[in-house]
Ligand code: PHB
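Given as structure tokens, the chain that follows is alone and in the form predicted alone.
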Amino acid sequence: MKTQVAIIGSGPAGLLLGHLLRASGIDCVIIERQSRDYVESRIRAGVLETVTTDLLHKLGIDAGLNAAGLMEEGFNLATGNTLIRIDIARLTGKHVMVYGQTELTRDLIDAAPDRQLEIIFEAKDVELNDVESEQPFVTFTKDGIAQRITADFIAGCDGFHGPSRRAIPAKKIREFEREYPFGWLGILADVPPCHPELIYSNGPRGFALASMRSPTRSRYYIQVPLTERLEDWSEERLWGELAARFDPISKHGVTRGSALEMSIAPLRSYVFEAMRHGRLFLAGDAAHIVPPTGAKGLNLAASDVAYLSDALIAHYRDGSDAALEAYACRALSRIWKAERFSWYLTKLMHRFPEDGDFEHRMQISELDYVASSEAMQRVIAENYVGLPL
């Protein structure tokens, strides 16, 4: 089989890229190692920047977003029992949308047949070959039969653990990483949110986040040590901890319900600067990871795809490779700014084991400054809604 662009991975990055290319008449195939059911059931983030929603509107795959998305014009930082509201609408003239990544992924997959976007699910043993040549190819097995797809370009959108990054020689690699000494224990439940807008809290009991997926579905997190085990946390214990943290500061208080999902996620900052090697281009989590503080992961993937799709379209439409040559530089400029913001919020709102009273006083002082400075609130708001492409 031959195509113009072979896309590895059917997460939001790969799906958005595939739809953007097909909208410009470029042949592409998405190759995914997991089943469709697995891909559509993954529970991830739900705060979408304008860059992401603009792509969905441009593609006309926005019915679900328009019907069920929640417009958020602000969010809150909490210190002790004090809420600091960041009015992003007033400070930036923009807003974010709350719409689950699970729903977004389903929308993109459902739209694929009508857009003639082929997705090959359950492709096993995926390997990238000859990426430095003019005819790179991807091999895999499907239903026990060996397959090969030759392409002009390969887009690695297969996440942190996929094969695309491993196809780049070690001597070409430059990577940067920070692993955080804690994780997030989260619970998803069909209960109304405790507050109309998100709350990031740095309270006496440590970091916690109150967020929502809809008016009837809530997502909560608390900071836990990396040594913590999920089996040590009953639903009752976690709800009690959340109530202790959010009942004093939220509008409605925490409503308890049966968990749809509970998990502990480690936090990491990671950038892989070799985003291009030969005819292979990386996008999304294959090239970078951010801690979930600030909700940048999915949105960074969308900005990567915006740059990469424009560059590939220019190659086929105009015969110009200038944008392909500039892709990594353009993407990394925005990636590092998002990494900085995510790191800043993580450092500001969490209790680090190595920190003492001095560091905690610095957090309190910084939050007090944020509360009293509109200029500082504007900086946070501009980063939260997403920097321009």
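All residue numbers refer to positions in the sequence shown, first residue = 1. All figures in this text were calculated on a predicted structure; none of them were measured in a lab.
A second form of this protein, the form predicted together with this ligand, is not displayed here; the remarks below concern that form.
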Residue contact check: residue 57 to this ligand in the model of the complex, 4.5 Å heavy atom: no
Would residue 254 count as touching this ligand in the model of the complex under a 4.5 Å heavy atom rule? no
Taking heavy atoms only, is residue 198 within 4.5 angstroms of this ligand in the model of the complex? yes
Taking the shortest heavy atom distance, is residue 292 within 4.5 Å of this ligand in the model of the complex? yes
Just to be sure I understand the contacts: of 328, 47, 349, 61, which is the one whose heavy atoms reach within 4.5 angstroms of this ligand in the model of the complex? 47
One residue of 311, 242, 117, 209 in contact with this ligand, assessed in the model of the complex (non-hydrogen atom, 4.5 angstroms): 209
The chain here is shown without this ligand. Which stretch in 230 to 238, 170 to 178, 267 to 275, 212 to 220 comes within 4.5 angstroms of it in the model of the complex, by heavy atom distance? 212 to 220
